[in-house]
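Starting off, we have a lone chain in the form predicted alone, written out as structure tokens.
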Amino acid sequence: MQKSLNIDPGKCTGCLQCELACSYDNEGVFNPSKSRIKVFNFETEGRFVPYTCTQCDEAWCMHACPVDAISVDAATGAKVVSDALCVGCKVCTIACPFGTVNYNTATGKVIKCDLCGGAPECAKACPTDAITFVDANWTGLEKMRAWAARTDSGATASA
């Protein structure tokens, strides 16, 4: 059974525990700027929205990579970046329609959520269950796209 992250922005308090857990697990430091999950703060609306790679079935990032540095982890279904193959061209960052593939200036490689090998630290660290790791069939990409569209239009309207 494939699992995926389910994000419920209505439960997010903006505590950033997910960002800290992610950065520590992946980079060895408690630094939200090095996290693969970001919590967007919509101050005027008084809400927070955690956002990370949705592990798209289509995986535009993977198809765009000219050196095949992004592959599917058979066990988790995550699209994983191989540091050994990545040349840091950033084509995948442009191809991702959600903006969740990022360039790491320290390494010259791209980074994205890899679901922590099947045990996402962000979900473990979330005190309100705003981020959970559940059966992929239950979450649905359409639900995530709907939230993204609502968030996007709200950000544009207040900008």
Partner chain sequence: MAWARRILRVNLTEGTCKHEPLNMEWAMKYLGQRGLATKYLAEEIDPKVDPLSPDNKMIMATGPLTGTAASTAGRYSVITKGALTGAIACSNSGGFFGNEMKNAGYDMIIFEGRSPKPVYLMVQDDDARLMDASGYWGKSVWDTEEGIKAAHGDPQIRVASVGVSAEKGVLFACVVNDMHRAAGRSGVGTVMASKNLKAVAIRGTKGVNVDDYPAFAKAVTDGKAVLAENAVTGQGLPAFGTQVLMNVINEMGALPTRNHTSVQFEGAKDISAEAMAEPRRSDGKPNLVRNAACFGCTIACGRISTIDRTHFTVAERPQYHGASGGLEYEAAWALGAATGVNDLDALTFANFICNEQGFDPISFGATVGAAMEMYETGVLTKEQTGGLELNWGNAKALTDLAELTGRGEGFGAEIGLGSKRLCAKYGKPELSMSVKGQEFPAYDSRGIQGMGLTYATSNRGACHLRSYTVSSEVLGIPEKTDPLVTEGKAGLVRAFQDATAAVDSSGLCIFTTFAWTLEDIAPQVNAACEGDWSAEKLLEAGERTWNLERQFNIDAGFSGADDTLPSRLLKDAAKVGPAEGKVNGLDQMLPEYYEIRGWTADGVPSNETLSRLQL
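Residue numbers count along the first chain shown, from 1. Everything quoted here is computed from the prediction, not taken from an experiment.
One more form of this protein exists, namely the form predicted in complex with the partner chain; it is left out here, but the text below deals with it.
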Look up in the predicted complex whether Phe48 has a non-hydrogen atom within 4.5 angstroms of the partner chain, and give yes or no. yes
Even though the partner isn't displayed, in the predicted complex is Pro32 close enough to the partner chain, meaning a heavy atom within 4.5 Å? yes
Partner contact for Leu16 in the predicted complex: the partner chain, 4.5 angstroms, heavy atom: yes
Wondering, does Asp129 line up within 4.5 Å of the partner chain in the predicted complex on heavy atoms? no
Heavy atoms within 4.5 Å of the partner chain in the predicted complex is the criterion; list the residues of 2 to 28 that meet it. Pro9, Gly10, Lys11, Cys12, Thr13, Gly14, Cys15, Leu16, Gln17, Leu20, Tyr24, Gly28
